[in-house]
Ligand SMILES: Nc1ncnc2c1ncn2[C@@H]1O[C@H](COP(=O)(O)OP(=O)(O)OP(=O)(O)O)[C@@H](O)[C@H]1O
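In C-alpha cells, one chain follows: the form predicted on its own.
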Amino acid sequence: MAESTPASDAAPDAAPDAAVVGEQAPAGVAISALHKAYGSNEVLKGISMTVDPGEVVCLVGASGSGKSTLLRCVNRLEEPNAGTITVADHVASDPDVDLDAMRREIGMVFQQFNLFPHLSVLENCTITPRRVLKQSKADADGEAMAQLRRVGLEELADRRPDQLSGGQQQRVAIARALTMRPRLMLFDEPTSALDPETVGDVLAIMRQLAEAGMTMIVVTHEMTFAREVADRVVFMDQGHVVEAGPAAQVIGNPQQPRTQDFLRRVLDPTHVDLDV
C-alpha cells in the first residue's frame, strides 16, 4: 500500500524527554558465571558481565557466538543451566522469581517484529498494558499514542502491520515495548531483517532512547551505531567474552587477535586473506 504521509516514513528528529524511560529509575543488570547448553552443545561458557543503570552495552560477534542466547536468558526466555542473573531487584536466574513482575520492567525487541497481523497498530500497542497492567482503554490508548508519536508513527495508528514497511513495523514494536514503561530494553539484532533504507530510522529511535537514559543491551552488527552510541562493547566468540571495554577502544583499537579478525571482516568485507 502506498504511503502518502511523509511524516510516517521517517523517524522524528527530536530526542524524547526523560519520561520515555518510565517513571522508575533505569535498571542495572549483573550476570555471573552464566552457562547455557542445548544437549551437548554448550552455548554460553561462564559469562560474567554487568550493565549499569542507564548504560548502553552492545554485544557483537559472529553468528552462533551466544549473543542472542545471553539476551534471552536475561529475560528468562531461556533457562540458564548455571550462574546468576540479576535485573534490578529481581534474581532472574532464581527458579522462583516472579517472572511476570520482572518482565513488566523489561522491554524486548526481536529480529522479527512479532506484531499481531489482525490488530491495528494502536491495538498492538495497547493489548499488553490492558491485559497485564489492567489499564483502562483510555489510559492504554493515551500511552500508546504518546509512544507512537515518539517513533513518528502516530498517524498510522489505525493501520494493520501488513500496510507498513519493515522499518515502520519495527518502530511499532519499539513503541509497543515502551508502553509498559520498562526500566531495561533488550534489542536482539533489531535491524537485521530490514531493508538498508529503513535501518537508519530504527537506529535513530534507539539512539534517542540511549540519550534519554534507558538501560539497553543491544545485539547488533551495526558497528557505526555501536561505536557512536554504546558506552561499552562486548565481543563474544564461541560462548566466551573475549574482549570488553569502551566502544572506541574495542572497535577502534581491539587488543585480542580474535576481535581484530572479526572487525577486519566486518568493517572491510571485500578484503580476504587467502593462503596460496
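Note that the structure is a prediction, hence the values are computed from the model and not measured. Heads up: residue numbers just count along the shown sequence, starting at 1.
This next part talks about the form predicted together with the ligand, which is not shown.
Chemist: Mark G66 yes when one of its heavy atoms lies within 4.5 Å of a heavy atom of the ligand in the predicted bound form, and no otherwise.
Modeler: Yes, G66 lies within 4.5 Å of the ligand in the predicted bound form.
Chemist: Is A226 a contact residue for the ligand in the predicted bound form, using a 4.5 Å heavy atom cut-off?
Modeler: No, no contact at 4.5 Å.
Chemist: Given that the ligand is not shown alongside this chain, does E189 nevertheless sit within 4.5 Å of it in the predicted bound form, heavy atom to heavy atom?
Modeler: Yes, E189 sits close enough to the ligand in the predicted bound form that at least one of its heavy atoms falls within 4.5 Å.
Chemist: Taking the ligand as it sits in the predicted bound form, is A62 in contact with it (heavy atom to heavy atom, 4.5 Å or less)?
Modeler: Heavy-atom contact with the ligand at 4.5 Å: present for A62.
Chemist: What I'd like checked is whether F116, D162 and V172 together line the ligand in the predicted bound form, meaning each has a non-hydrogen atom within 4.5 Å of it.
Modeler: Checked in the predicted bound form: no contact with the ligand for any of the three.
Chemist: Partner absent here, but in the predicted bound form, which of 177 to 185, 91 to 99, 68 to 76, 201 to 209 has residues with a heavy atom within 4.5 Å of the ligand?
Modeler: Among the listed stretches, the partner-contacting one is 68 to 76.
Chemist: Could you check which residue among V43, L34, V57, I251 gets a heavy atom within 4.5 Å of the ligand in the predicted bound form?
Modeler: Flagged contact: V43.
Chemist: Out of 135 to 168, which residues reach within 4.5 Å of the ligand in the predicted bound form, heavy atoms considered?
Modeler: Going through 135 to 168 in order - heavy atoms within 4.5 Å of the ligand in the predicted bound form - there are no hits.
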